[in-house]
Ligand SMILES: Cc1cc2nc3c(=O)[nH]c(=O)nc-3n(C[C@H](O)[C@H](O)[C@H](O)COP(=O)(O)OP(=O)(O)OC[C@H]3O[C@@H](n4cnc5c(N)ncnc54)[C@H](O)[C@@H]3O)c2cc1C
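Listed next as structure tokens is one chain, alone, in the form predicted alone.
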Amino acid sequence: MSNREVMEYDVVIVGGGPSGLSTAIKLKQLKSDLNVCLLEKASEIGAHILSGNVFETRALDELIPNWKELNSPIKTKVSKEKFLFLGKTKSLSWPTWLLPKVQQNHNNYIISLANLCRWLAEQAEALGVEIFPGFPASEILYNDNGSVKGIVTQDMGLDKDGNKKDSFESGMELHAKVTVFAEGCRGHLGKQLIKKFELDKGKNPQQYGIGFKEIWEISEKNHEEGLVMQ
């Protein structure tokens, strides 16, 4: 018998990225009396979202149609774009009108994804979603029939060897009618679920691409607001 504190919810969402936050908002829009909880492992929403982003607003237009009136961090519209092939000594510019539509950004915005998540969290909390940053989900709980019962948050106050310190606090059990795992494509709980329920059986193997990001500090005279360069 567990001695952990137990909290009951209609829906528990694991992960405070764009997908988890959007799920929480949509659920409360559909049924305002749902008891929805969202967990984020980082110390605050957005702390693990380090990406800059060229953002197409179509999904947000559907989710929050009046986002422009709600002080969203979506301000900088793409005003100019370049597509370059880089050579050893020079680059070749390709006309953007010849690019596939998926690579044309003239109606998009340049944003910080971290700031978008922080703003989405504000919208979710305004609807009554309970958000717990700093609480990683460490374990999946199952019902007797094998269905997902909820999750356990990570124990706090352990030393590097896993021994309990004076500040030790046992993780909580969060039980829910529905548990949504929005922890990313390689989340540790997601991998357990894929294995347990054979979610990849008969499916094409998942493919991943590796991207490298650099943040450059440039002089103000070289900065062109609204420019996207590919």
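Residue indices: 1-based, along the sequence shown. Note that this is a predicted model, so its numbers are computed, not measured.
There is also a form predicted together with the named molecule; it is not shown, and the following applies to it.
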> Which one, 46 to 54, 199 to 207, 63 to 71, 25 to 33, holds residues whose non-hydrogen atoms are within 4.5 Å of the named molecule in the predicted complex?
Replying inline: 46 to 54
>> Counting any non-hydrogen atom inside 4.5 Å, which residue from Leu113, Val78, Leu99, Met156 sits next to the named molecule in the predicted complex?
In response: Leu113
> Is there a heavy atom of Val12 lying 4.5 Å or less from a heavy atom of the named molecule in the predicted complex?
Replying inline: no
> Going by a heavy atom distance of 4.5 Å, is Gly171 a contact of the named molecule in the predicted complex?
Replying inline: no
> Is there any non-hydrogen atom of Lys164 lying within 4.5 Å of the named molecule in the predicted complex?
Replying inline: no
> Would His188 count as touching the named molecule in the predicted complex under a 4.5 Å heavy atom rule?
Replying inline: yes
>> Suppose contact means any heavy atom within 4.5 Å; which members of 68 to 107 contact the named molecule in the predicted complex?
In response: none
